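In the block that follows, a single chain appears as structure tokens, in the form predicted on its own.
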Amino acid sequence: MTPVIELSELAKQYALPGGAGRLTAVDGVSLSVGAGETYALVGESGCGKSTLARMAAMLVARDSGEVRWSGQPVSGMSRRALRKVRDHTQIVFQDPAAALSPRLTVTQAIEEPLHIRGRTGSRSVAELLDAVGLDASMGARYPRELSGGQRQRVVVARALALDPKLLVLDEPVASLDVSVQAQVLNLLADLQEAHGLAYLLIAHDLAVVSSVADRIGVMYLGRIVEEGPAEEIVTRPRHPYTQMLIASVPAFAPGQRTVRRTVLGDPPSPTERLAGCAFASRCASATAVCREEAPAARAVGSVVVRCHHPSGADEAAERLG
């Protein structure tokens, strides 16, 4: 089946003030998300995952690479076709309070994208509020009168107004209490099942995404260093950076194996172009080849990893082109 969205070798750099060089935010990232699938992109702050999410949502222009929608390159689309793709790609941001105008009621906020696209009446506010578990009476309220979880539900309702096929979820529960996080994640899972939505889920916490993601991509300094089925990534991490992220989580469910390794120092500057592996300076297992040669992608079981010495590499690892 053709994916809803495919990102192929996307790259993005930003010029630093005063001609101090260029910062590489995204460096040749490829991934795809199918209908009814949740692809979680995980990494530390500053790794480039939010920039990638905004390129997928066409909010940030890419320097190179291609975005394909239902198999068609968006670069070759007409303005009318591209507008339809934008309607079918909606983004849910981390902070619902910042995403909602304090001057608009819930009804006005949800109707706003419908007014912009001239589709008023295509879906009622009451229907959209019901879809996210809110009573129709909430429509008369202002954001300040809602809890954090209710505001995020309103943001999701507004995203659903244009009948999207893809939701880009940029840290959608990071600002919520732990008890509310589970409620919002369950809501998103129910909506996905009901409508066959594709989710590109951005997060820094593997514990948050491990129960809802189908596939996980682990991002470090602009590149995906490990990708595979969610259960495989969480229970059998191959890349030392993935192992570091898992070791930072307090606990997982019984039966899941957590690998703990010593991690040294801080990430190198994203303005620095390294000859070898970008994680080598922090990896206790790094060797000379790690510092001299960038690791190619290789398959280890059902996981693709960029590491010279991945855990489980003896399980018939295959070097990818």
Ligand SMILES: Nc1ncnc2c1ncn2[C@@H]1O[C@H](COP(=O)(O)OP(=O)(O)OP(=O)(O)O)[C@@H](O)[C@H]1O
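This is a predicted model, so every value here is computed, not measured. Note that residue numbering begins at 1 and tracks the sequence as displayed.
Keep in mind that the form predicted in complex with this ligand is missing from the display, and what follows is about it.
Just give me the single entry in 63, 44, 292, 272 that has a non-hydrogen atom within 4.5 angstroms of this ligand in the model of the complex.
None of the other options qualify; the answer is 44.
This ligand isn't shown here, but in the model of the complex which of 236, 215, 123, 204 has a heavy atom within 4.5 Å of it?
Result of the distance check: 204.
If you check in the model of the complex, is residue 232 within 4.5 Å of this ligand, heavy atoms only?
Taking the distances in the model of the complex, the answer for residue 232 is no, it never comes within 4.5 Å of this ligand.
Residue 171: touches this ligand in the model of the complex, heavy atom cutoff 4.5 angstroms:
Yes, residue 171 sits close enough to this ligand in the model of the complex that at least one of its heavy atoms falls within 4.5 Å.
Residue contact check: residue 23 to this ligand in the model of the complex, 4.5 Å heavy atom
Yes.
Applying a 4.5 Å heavy atom distance criterion, does residue 51 contact this ligand in the model of the complex?
Judged by the heavy-atom cut-off of 4.5 Å, residue 51 is in contact with this ligand in the model of the complex.
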